[in-house]
Each structure stands twice: as C-alpha cells, then as structure tokens.
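Shown next as structure tokens: one chain only, the form predicted alone.
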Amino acid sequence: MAYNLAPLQNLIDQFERMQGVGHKSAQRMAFYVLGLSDEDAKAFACAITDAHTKIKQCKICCNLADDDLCSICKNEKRDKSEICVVEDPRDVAAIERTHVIKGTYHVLHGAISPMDNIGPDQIRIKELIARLSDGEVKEVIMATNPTVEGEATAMYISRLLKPMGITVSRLAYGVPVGGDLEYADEVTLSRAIEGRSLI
C-alpha cells in the first residue's frame, strides 16, 4: 500500500506549481510547513493571503504596489523623462540594485510570444503608450530579457515609439542571451545599462 496523505499531497502539489520548484523541493517545503507551530502556520498563511489581496499594480507604471502608486512613481526625485521598460516586477528589483537608473519604470507583465498566444494586447504596451502622450519622456530604455520573446517585444515597442520622436535604447549585451535579468549580478546589469545602444 502506498504511503499517501491527501492534505500533504495537496500541499506538495501546490508548491510544485511554483515556477522552478521540482517535486523534491516542493516536498521539503511541505514538510517545513507541517513542522511549523499552529501560530507560525497561521502567520504564514496570513502572509500569503495579505500579499495576494493587498498588492496591486501601480496605476502609472504597472509595477507592484500596496497603494495606487508604487514608491518609485511617488518619488519626486526620479527623472520622469526616462522610462526603463521591463517584463516583470522582479526585473525592477534587479535593476534597482545597480543604482544606475535614475528614471522610472514600466512593467509589461510578459513579452510578446506567438507560440504562447501572447500578443501585444496581452501585455501592458497600451499603458506605456498612454504615458508618453504628454511629451515629458525623452528616452525609453528597453530592458526586456535577451530572449527571442524579449527581443521581439523590444523591436515591436521601438517601432511604435520612433514616430513619436522618443529616443529608444536597448540594454547592451552584458546579460547572457537566454538568461533572466532577475539572476544577473549587479556588475553585469550595470555594464548592460551603461552600454545600451539605440534600436
């Protein structure tokens, strides 16, 4: 007879649904949760629920926020003439660690990927274009991942922005092709940002 507890298996299955988490890691996390005291388990569950219900998208840049605007968009010291476009909120955190970008961000929440049925309307491109209508923005830095999808997204947005007279640049290739910005170290990201080129 197989050893199987339905609640434990359900917990393992939920952890296994997380990106990059395999069966053994999911199992370890599930047993960790089982080892928590009732109080700690409730706090853990509450943290998940709070994050899910209280975190939303910034009304300006679509980054994660716990208010209508994220802390970067609220910051009056940020250069509003520069927007760094990224695919994912994790990319904002990675680039912010470099302290190189002095402007603001725009989070697309994905990349154009015909194979996955993700077109321009499924990501936050319309919101980006709407931000550019007042003429304040002078440069858009394309910091999408150096993948086929990231490149396609950067080129698509670049073509949309050229008639607007906005300078569009792309991160230099210090970031490995096929890699995610989230995993790049600060030095590599800094060099990629400083060595960006027009597209």
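Predicted model only: the values in this text are computed from it and were never measured. Start at 1 with the first residue shown and count on from there.
Below, we refer to the form predicted together with another copy of the chain, which is not included among the displayed structures.
**Student:** I need to confirm a contact call. Of Ala130, Met164, Val148, Ile55, which residue comes within 4.5 Å of another copy of the chain in the predicted complex, counting heavy atoms only?
**Tutor:** By the 4.5 Å criterion, the partner-contacting residue is Ile55.
**Student:** Please name which of the stretches 164-172, 134-142, 149-157, 46-54 has residues with heavy atoms lying within 4.5 Å of another copy of the chain in the predicted complex.
**Tutor:** So the stretch in question is 46-54.
**Student:** Taking heavy atoms and a 4.5 Å cut-off, does Ile118 contact another copy of the chain in the predicted complex?
**Tutor:** Ile118 lies outside the contact set for another copy of the chain.
**Student:** Would Ile125 count as a contact of another copy of the chain in the predicted complex, using a 4.5 angstroms cut-off between non-hydrogen atoms?
**Tutor:** The answer is no: Ile125 has no heavy atom within 4.5 Å of another copy of the chain.
**Student:** Is Val100 a contact residue for another copy of the chain in the predicted complex, using a 4.5 Å heavy atom cut-off?
**Tutor:** So Val100 does not count as contacting another copy of the chain.
**Student:** Look up in the predicted complex whether Lys59 has a non-hydrogen atom within 4.5 angstroms of another copy of the chain, and give yes or no.
**Tutor:** Contact with another copy of the chain, no.
**Student:** Would you check whether another copy of the chain, in the predicted complex, lies within 4.5 angstroms of a non-hydrogen atom from each of Asp68, Cys73 and Leu108?
**Tutor:** No: none of Asp68, Cys73 and Leu108 comes within 4.5 Å of another copy of the chain in the predicted complex.
**Student:** Just give me the residues of 13-31, first to last, that have a heavy atom within 4.5 Å of another copy of the chain in the predicted complex.
**Tutor:** The stretch 13-31, when checked against another copy of the chain in the predicted complex, contributes Gln14, Phe15, Arg17, Met18, Gln19, Gly20, Val21, Gln27, Arg28, Met29, Phe31 at the 4.5 Å heavy-atom cut-off.
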